[in-house]
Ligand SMILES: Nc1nc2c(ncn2[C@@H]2O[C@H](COP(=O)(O)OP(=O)(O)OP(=O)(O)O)[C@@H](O)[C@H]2O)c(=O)[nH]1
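Before any questions on how it binds or moves, here is one chain, the form predicted alone, in structure tokens.
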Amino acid sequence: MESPFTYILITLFFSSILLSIIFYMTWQTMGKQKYALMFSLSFLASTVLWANALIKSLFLSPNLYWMIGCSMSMLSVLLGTWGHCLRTHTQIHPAALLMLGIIGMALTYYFTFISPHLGLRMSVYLYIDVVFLMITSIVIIRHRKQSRPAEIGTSIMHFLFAGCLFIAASIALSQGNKFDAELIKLYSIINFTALPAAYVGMSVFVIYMLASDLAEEMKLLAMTDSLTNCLNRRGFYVHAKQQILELQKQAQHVCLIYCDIDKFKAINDRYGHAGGDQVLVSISQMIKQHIKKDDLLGRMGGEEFVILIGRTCYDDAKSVAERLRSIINDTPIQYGELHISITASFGVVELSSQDVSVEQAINLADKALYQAKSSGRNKVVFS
């Protein structure tokens, strides 16, 4: 009769194959992101690890079986860590991860063949895995200021998996250089009960995290203007409501700036729609370069843009629109070999009260913009 551990290994083997295929398909369908490919290769290495354990009896040399298993274990975790570093754009060089893995393999080889030591042979590679998993857990949770639920869960599962491996490694190490049947029994229980559960749980949460990434990406696309890559009307309304509350809590002077390119129809008529599109793209880039990173920029439609800013001083907030007007006036836009000179008009309103909604603020700024247009264009009017 087969041992229950055999059935656990068979389950892990097929689970790893499926996970490797899932992440490979994810790599194919999500723009061939390198981190998805790393995850696929990580679970492929795990597949080899479990297969190695299943055919243990076929090996003539137990030491060869052990080295293959340890190598695949460290390779699997290394590739997973590398994938998470790529996803989060963490500045950890792959060479550093590879060097840590090589050190783990070298030590395992040393304590297996050169200076045999049972406890160290069984524990070193697990401790290396723990280091990789802890790095991954930290990298995920520190990726952004406010982690998504999927990222929190994934980070916790990597931490728990690392904890299980640390306990298993410590039990193996505590037996020293002599085989201890009781400790090995306890080691096997952890290895084939807690570890598989943590492994599968970690894998599921990684899938959940990538699904969350995809959902956020689709949400972002729905709120982004495809031409200028700034917020569209819907996106601006959604983000501005929260941004206004946060800026007012910080006692910032909040201003909404409505911008309209002067005589845009004439630009389209003279240079064609391609020329008009180039003007819109260039104007959006120009504005982004001269406002703060936390300021919101949205395209309301056509040639109209809206900007939400917060400054500690009201004069600083007022000066933003005038500075943008001057920059646009003094910067011809290159279109092929041509240079298109343009101007823009601005309407500005300060949101001094929390009772003023985004819709009301845009309406007031639009009225100020109309005054700027009707009084000669290329001007800034404050509501």
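Throughout, we count residues from 1 along the sequence that is shown. What you are looking at is a predicted structure, and each value in this text was computed from that prediction instead of being measured.
Below: the form predicted together with this ligand, not depicted.
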Which of these stretches, 259-267, 142-150, 216-224, 171-179, has heavy atoms within 4.5 Å of this ligand in the predicted complex? 259-267
Taking this ligand as it sits in the predicted complex, is Leu280 in contact with it (heavy atom to heavy atom, 4.5 Å or less)? yes
Residue-level question: is Lys241 within 4.5 Å of this ligand in the predicted complex, judged on heavy atoms? no
Given that this ligand is not shown alongside this chain, does Gly302 nevertheless sit within 4.5 Å of it in the predicted complex, heavy atom to heavy atom? yes
Hey, in the predicted complex, does His273 get a heavy atom within 4.5 angstroms of this ligand? yes
